[in-house]
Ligand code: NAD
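Form predicted alone, single chain, as structure tokens, below.
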């Protein structure tokens, strides 16, 4: 009897894709990893380079440069291909060019009989998650965007740094668009079950502006990193690996991903960053937080910006 193994197909071996592949190998998450890129030499080189690291990996992973035909037996297809955000560009500026790229990619994948789960990482991730869902015809639960998984990690890191606490013990979420209209859910932010507002009482020299500035650093982190090194890729790569692990391990983990809303948070027919339970079937359920009135207003604004951006795309396709 042949044992069923997990297969991940990565489309796009640029900065984000190659960083994801490297992190995936280092954590031993999947038994098979297929690399696909328009630049065949780059993808082949990455496969060779990664294979040479196998003696140091925690478990055996079969890695090769492949084709869309390899998607037929894939459990997860990760999309990191597309145009990158340039200095001065917003994520929403990339809509038209990346939608066009994704239409061809998704059609090629689906024509091979793919019936697994899509993870979308390319920006603007909320818009592209929606178009992947539309182009693929898969159930909404099986198209997942990276959403605000990285923004939430940045939020937790900066809060942990500010209060001198391990960020893994910080529980706080960024929701909404992965972009300029995202928002922090201060009403549910806590460390070890104690609200952030309580922690501030014991913070020597605390100033409310510190927290306001902290969030701005979360929201604008990508701009700051792009200005310094041209692109962001390590953080999002590790976030994508965490999401892949939750799927393949059937974890039922809560992660802030871009999920399709069908009435949750008062929104419908939109992909947007929210906490969701993720397992082997994709998104099991959206976790609907009780937001403050101010948070509700900001979330509605974020959703409206995405809907306005999405409308021309729907009209064209």
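These numbers come from a predicted model, not from an experiment. Residue numbers count along the first chain shown, from 1.
The next section is about a form of this same protein that is not shown, the form predicted together with this ligand.
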Which residue among 67, 252, 39, 268 has a heavy atom within 4.5 angstroms of this ligand in the model of the complex?
39
Among the candidates 187, 84, 169, 200, the residue which, in the model of the complex, approaches this ligand to within 4.5 Å (heavy atoms)
84
Verify the flagged residues 16, 94 and 122 against this ligand in the model of the complex: is each one within 4.5 Å by a non-hydrogen atom?
yes
Given a 4.5 Å cut-off on heavy atoms, tell me which of 161-169, 136-144, 200-208, 114-122 is the interface stretch with this ligand in the model of the complex.
114-122
Applying a 4.5 Å heavy atom distance criterion, does residue 21 contact this ligand in the model of the complex?
no
Could you tell me if residue 110 has a non-hydrogen atom within 4.5 Å of this ligand in the model of the complex?
no
Look up in the model of the complex whether residue 306 has a non-hydrogen atom within 4.5 angstroms of this ligand, and give yes or no.
no
Even though the partner isn't displayed, in the model of the complex is residue 244 close enough to this ligand, meaning a heavy atom within 4.5 Å?
no
Just to make sure I understand: among 173-189, which residues lie within 4.5 Å of this ligand in the model of the complex, judging by heavy atoms?
178
